[in-house]
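Okay, here we've got a single chain as structure tokens, the form predicted on its own, with questions on binding and movement later.
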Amino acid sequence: MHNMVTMRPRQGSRAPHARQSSVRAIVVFNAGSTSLKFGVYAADAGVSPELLCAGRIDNMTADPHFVVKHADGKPMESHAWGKHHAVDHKAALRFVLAWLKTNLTDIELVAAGHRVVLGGERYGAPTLIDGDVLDYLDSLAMMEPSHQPYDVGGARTFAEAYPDLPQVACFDTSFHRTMPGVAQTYALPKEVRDSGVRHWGYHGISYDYISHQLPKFAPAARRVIVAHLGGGASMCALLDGRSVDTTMGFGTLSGLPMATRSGDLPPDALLYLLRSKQFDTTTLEKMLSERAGLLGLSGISGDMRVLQKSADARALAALDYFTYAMMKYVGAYAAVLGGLDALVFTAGIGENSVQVRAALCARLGWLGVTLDENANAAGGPRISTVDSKVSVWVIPTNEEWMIAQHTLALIQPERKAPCSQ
């Protein structure tokens, strides 16, 4: 490790040190299948969360590396374990906590917030964590095994280090509990539906954030489709800021094709693969989550940046499939909403891929979408022409800030509900 630092106020930022010896702060954790992101936020009562620093550990199974930056994006520190030195989630979180204790010596942690993908039937809103909560959330891991165990494990590990500090779980599924019953239901026998098989929906924390930001750009937009496009990708139909449908369904494999996840597939094809013994349940799940999607289609990579640079026909076909799938959902959701006022791109691909945004908008001329090519090349925020019947936007998401806001609202009851950043 190098560049060991102590946290100090940025020039021009609030300077709480002038009033007290330490800054009260919360830490937010967002665990992925092979990554761990975190952010540290000032927790002043009555003030919107202010980022102090943020970091992540990526590629934990093959070539793990740690990086942390100041709120202004300037590097604070980095560390690499080396190739073939896998780091599990528990070790990663312990590493982050040790780094915080060693380096942010003037920070007093007062709580932690966690992204948890699945809240199940019990939790339709952020909740304070205790042992019973974690036991229930653990029981849902069979429904969503790619993220849920790591999210719950992170809360348990934090409790070992800070047993007296409150923790808050924020759920990706909570935002979608406003969907009408018909949109949350599958055509299955009651006993199957009662076992938890329903349309849960994910990326809800991101959509929650966008729903609070969009009124600053398009205050009159009621019927909105948001495309959260990253390594995991989904779309959500919003009516007056509330979810009415979303592409990810029971788990995180369905909906749009993703970097390595399949997206929608006919169930009889999966039964065929099992029946013909090409796969068992374990190898089928691994194929659908790790070798399908853009990687499976192209045979080259699941990374959109690699595919966009490639002249290989398979890469071009994968990109075409991706935008074709999005177009179909835009059409369906425009019907659900009874029209469309705005389209929003967010997350890594949505915020950075000029090509993907242009390709989708080119397919939506029938809706009255007219792209401003110069604005799209510049990254927005508005990338549609003034006379476009549907306004199109690029709005960066910030799941960690949204979790920080919800966490502060629960540990400081006097605070108002989450507001715009």
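The first residue of the shown sequence is 1; numbering continues from there. Please read these numbers as outputs of a predicted model, since none were measured by experiment.
There is another form of this protein, the form predicted together with a small molecule, and it is not shown here; the text below is about that form.
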Among Gly255, Gly154, Gly232, Gly201, just one has a heavy atom within 4.5 Å of the small molecule in the model of the complex, namely Gly232
Answer key: of Asp341, Asp303, Asp138, Glu290, within 4.5 Å of the small molecule in the model of the complex (heavy atoms) is Asp303
Only one of 186-194, 343-351, 93-101, 277-285 sits within 4.5 Å of the small molecule in the model of the complex by heavy atom distance, namely 343-351
Practice problem: State yes or no: in the model of the complex, is some non-hydrogen atom of Lys37 no more than 4.5 angstroms from a non-hydrogen atom of the small molecule? | Solution: yes
| message | in the model of the complex, is there a heavy atom of the small molecule that lies within 4.5 Å of any heavy atom of Gln308, even though the partner is absent here? | response | yes
